[in-house]
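In the form predicted on its own, a lone chain appears below as structure tokens.
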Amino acid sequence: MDGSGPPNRHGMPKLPPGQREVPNWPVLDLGVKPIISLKDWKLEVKGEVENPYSLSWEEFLALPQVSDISDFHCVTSWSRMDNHWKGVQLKTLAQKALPKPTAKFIYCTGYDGYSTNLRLEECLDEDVLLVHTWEGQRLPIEHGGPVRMITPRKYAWKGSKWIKEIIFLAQEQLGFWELRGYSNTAEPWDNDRYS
């Protein structure tokens, strides 16, 4: 597909430049696939916030849940379109944390040791989610289950698999791939892959 079909819901061409559509969901990771039981899973939200907190699995599921359909763009040039997700909007987590005026960035870490970063304003988009369900099924371990972050308007490395922490920061801190030459802005429609 060439992306010349109707635009996506953000008004951009459906397929970003340099991408090809795939029917499957390829698996990419750091070579570690942590298995976290639901009773042991915990999400910490902290940093430049008035209300740092920790969520158990049950507490996470008790938050407002949303269903959404969005595309998933990998920097390695494939895109999987129209994924059906269920999870919690990151802005819901931010509202609970009450970011201080000094909070300008977030830094996410995963149970596999991965990290990534985003500007706070980008995280408040309605389609930035912490998802636990994909295509009506529990998110598979190989794709970051029980919970991963998705960032449909960025390349997918900006969403941590097996998410463990969301840290609100006053100063930007680069994540795993950003420190290794990947773009810090990661804009698929600008073909913005590397720094």
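Note that the structure is predicted; figures quoted are calculated from it, not measured. Note that residue numbering follows the sequence shown and begins at 1.
Unshown form predicted in complex with a small molecule; subsequent notes refer to it.
Contact here is defined as any heavy atom lying within 4.5 Å of the small molecule in the model of the complex, and by that definition each of L30, Y114 and G159 is a contact residue.
The stretch in contact with the small molecule in the model of the complex, judged by heavy atoms within 4.5 Å, is 141-149, chosen from 53-61, 125-133, 141-149, 38-46. Although the partner is absent here, C74 is a contact residue: one of its heavy atoms lies within 4.5 angstroms of the small molecule in the model of the complex. Within this chain, G87 is remote from the site of the small molecule in the model of the complex, having no heavy atom within 4.5 Å. Not displayed here, the small molecule is kept clear of Y107 by more than 4.5 Å at the level of heavy atoms in the model of the complex.
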